[in-house]
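The chain below stands alone and is given as C-alpha cells, in the form predicted alone.
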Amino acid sequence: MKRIEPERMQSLLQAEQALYAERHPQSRALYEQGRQHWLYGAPSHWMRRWIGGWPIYVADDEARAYGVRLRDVDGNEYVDFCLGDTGGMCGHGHPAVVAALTRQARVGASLMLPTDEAAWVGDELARRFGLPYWNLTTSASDANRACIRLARMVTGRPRVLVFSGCYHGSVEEAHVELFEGAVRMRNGIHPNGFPHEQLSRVVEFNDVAALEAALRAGDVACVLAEPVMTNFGMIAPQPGFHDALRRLTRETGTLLIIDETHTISSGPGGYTKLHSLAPDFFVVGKAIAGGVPAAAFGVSQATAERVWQVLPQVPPTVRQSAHAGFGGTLAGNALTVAAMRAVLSEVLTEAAYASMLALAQRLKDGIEASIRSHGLPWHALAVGARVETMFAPAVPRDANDVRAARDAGLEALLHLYLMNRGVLITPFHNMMLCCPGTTAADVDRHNEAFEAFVRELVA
C-alpha cells in the first residue's frame, strides 16, 4: 500500500487554494459584503464550512435544465453531489415540484387549514413507510424532538439513548459522544445549560452489549437512531445489530425512533421498509418536500394508542389547548403539502430509485477502481444512493474506527480539488448522493476528477 507524503499533500493544498482564489473572485467579493450583516458571512453559518475560505455563490440561471448542474457567479459550472446535504435529493428544479409550488403559492402558502391534497399525502406516507399515523413539522430536528417528547410522555422515563457520532439536527440530547470511554459534547457544542448527564445516554453503534446494559437500567424513554450512521463518516450496521436493537427495546419497554433523514436514499420506503425494522416512531425530513423546509414523523398503531390516552384526539367542537409542546404555525403548511405530493407521486418513484441506485454503484465502482489501481489503503462505502470515500482500509464498526482513520488535511484537499474541477460533494466529510436528475455523465465527471486527484497525490 502506498503512503501519502505530507509534504506532497501540503504542496497540492496550497496550489489548489491559489487556483480556487483565482477562479472565484466574485464569490469572494459577495462573501466579504455578506460579512457586514450576516453573523457568519452568509445566511447560514453552515455555509462557511465549504473549504476554500469562502463559499461559492450560485448564480440565477433560469435557463438551466432540471438536473444537478449549477453555475456560480464567476461562470464556473458544477455537478452537485452534495444536493443540499440531502435537502436537494429530488434534484434542482424538478418540473413537478416547480409546478406544485407555483400553483399552491397562488392559492396560499400557509393557511392553518388542510388542503384537499393532505389526505392523499397521509395515505401515501402510510403506504410507503408502513406506519399508520403521521404528523408534519418544519424540520427533522422538530420531528425528532416531538417523538422524544411523546416517548417521555407515555413511558414516564427521562433519558434518550443515542449512538456516538450520531447527528439528529439540533436535538439537545444527541449533542454528546463517547471519547476515550468518557461522555463529552460533540463538535465543541455548548451544553446550553442542558443536563446531559441526567437526560442523555450514549453508546457506540454496533455495540450490543453496551446497548443492553444501558437499556436494562430502565430509565431510557427512547432510542434515537439512524439505521445507518451517515454524519460521522458512514457506519453500517453489523449483521444482527438491528434485530438486537428492536428486541432489546421491546424487552425493556423502550420506544424506538428511526431517523431516516439521510437513509431515505435507500429506496421508496427508506432503509426501514427495505429491512423491516418496525420502529415505534419514524422520522423523515429534508428531501420529502423537494427542498422546501419540511419533515414528517410516523407513529405505530400501538404507540399512537398510548399517546391518545394522554393526549386524546380532540373533536373540533371541544375547545382545548392543542399545542402539546411541539409543532408550529408553519408545520403542515399548504405549500409543503403540495410539494410533498409532487415528490411522492412524480419524483421519488420506484423507477427513479432504480436509476439512483445504479448510478451510486457506478460512482462507487469508479472510486474503488482508482483506489485499487494506485494501491491506496482506502475504500468506498455505499448505502442506497449515497456513497462515501473512506480514508481507511477497513469498513468502520463505530465512531472510534472513523475517528482513528480521519485525515482532515486529506479531506480538505479532496474537497478543494474536486470543486476546482467542477464537482461538489458534501462539505462535512466525503459523502455524495445521486438523485433522479443525476446522469451517468455526471458520475463520470466525478470519477475522472477523482482519478486525477489520486494520480497527482501519489505522483
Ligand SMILES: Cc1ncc(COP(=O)(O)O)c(C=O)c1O
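Numbering starts at 1 and follows the sequence shown. The structure presented is a predicted model; accordingly, all values stated were derived computationally and were not measured.
Form predicted together with the ligand: not shown, discussed below.
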Worksheet item: Would the ligand be touched by all three of 27, 31 and 72 in the predicted bound form, meaning a heavy atom each within 4.5 Å?
Response: no
Worksheet item: Though only this chain appears here, would residue 280 touch the ligand in the predicted bound form if you measure heavy atom gaps against 4.5 Å?
Response: no
Item to complete: Determine whether any heavy atom of residue 167 comes within 4.5 Å of a heavy atom of the ligand in the predicted bound form, and answer yes or no.
Response: yes
Discussion item. I'd like to check something about residue 162: if you look in the predicted bound form, is any of its heavy atoms closer than or equal to 4.5 Å to a heavy atom of the ligand?
Written reply: no
Worksheet item: Can any non-hydrogen atom of residue 252 be found within 4.5 angstroms of the ligand in the predicted bound form?
Response: no
Practice prompt. With the ligand left out here, work out from 110-118, 359-367, 134-142, 344-352 which stretch has heavy atoms within 4.5 Å of it in the predicted bound form.
Written response: 134-142
Response to the item:
None of 286, 128, 201, 175 but one has a heavy atom within 4.5 Å of the ligand in the predicted bound form; the exception is 286
Worksheet, complete the sentence: Answer key: of 272, 389, 261, 336, within 4.5 Å of the ligand in the predicted bound form (heavy atoms) is 261
Fill in: Members of 82-115 lying within 4.5 angstroms of the ligand, judged by heavy atom, in the predicted bound form
85
